[in-house]
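Only one chain is included here, represented as structure tokens and corresponding to the form predicted alone.
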């Protein structure tokens, strides 16, 4: 029986390849932000080469989106970015910070996958800034403010030595990162036992930073991607105050169960609203985009009252 932590929008899926005015094979794993009174979505799409680009869509209500006539971001054509983006740009997160919008994205090449950092102020133009990880990292999100005088990010390095876990790191300038440490790991024979990774950029609440993350469980029929929540301490986000023991969203609808990658709900975005709810966006089966709503306080309370340790 499905839980009620996230209420699915009845109009799902909200964006498919049929809504895109140029040829793509999928629409998924989108960052979303409020900008100038509207919702901006930056979504990943596979091309029929198998490589990925990033498109843009706009909405007045956060549910009905119209796609721009051209892609927003494709592989760089020259310089260091071209070398490390040659196989595609993927899974953008939009991170509001200090009056700008920083986009963290996965850049693929023959060298592996790294996290690129780009910036926009108007969602019309984009400036690439730097690569902010070595290989192999994915799922990087920035906290929306400095903490202790430094910028802070969460991400997930690939590792075969220890289960793929969530790490934290700090920077004086958004380019150079250090003081990294692991803050949360999967739990054996749990719904997220195979790997975890940050999803949406953290949301500030009075009780802590709400982190909506994905967790993966291996089955005889392949891996299942679900979403969970944890809470980080406001003034020291390396401290995880609690991790909800249960998932808050799992593949259930037909477009989540079957697609380019079966049995996947994967988020890169959640937007807190003035009424205390949030809109949670997720890619379904790496094929279409969906949205649902949740109550922020309820998710925070799950982390504190129905909790397991971070390790």
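Residue numbers count along the first chain shown, from 1. All values derive from a computational prediction rather than experimental measurement.
FYI, the form predicted together with beta-D-mannopyranose (BMA) isn't displayed, but the following is about it.
Heavy atoms within 4.5 Å of beta-D-mannopyranose (BMA) in the predicted bound form are found in exactly one of 55-63, 260-268, 30-38, 274-282, that being 260-268.
Think of it this way: in the predicted bound form, beta-D-mannopyranose (BMA) has a heavy atom of just one of 128, 185, 138, 207 within 4.5 Å, and the residue is 138. Residue 91 belongs to the set of residues with a heavy atom inside 4.5 Å of beta-D-mannopyranose (BMA) in the predicted bound form.
Under a 4.5 angstroms non-hydrogen atom cutoff, beta-D-mannopyranose (BMA) in the predicted bound form lacks residue 232 among its neighbouring residues.
Proximity of residue 195 to beta-D-mannopyranose (BMA) in the predicted bound form falls within the 4.5 Å heavy atom cutoff. Shown without its partner, the chain has 286 as the single residue in segment 283-304 with a non-hydrogen atom within 4.5 angstroms of beta-D-mannopyranose (BMA) in the predicted bound form.
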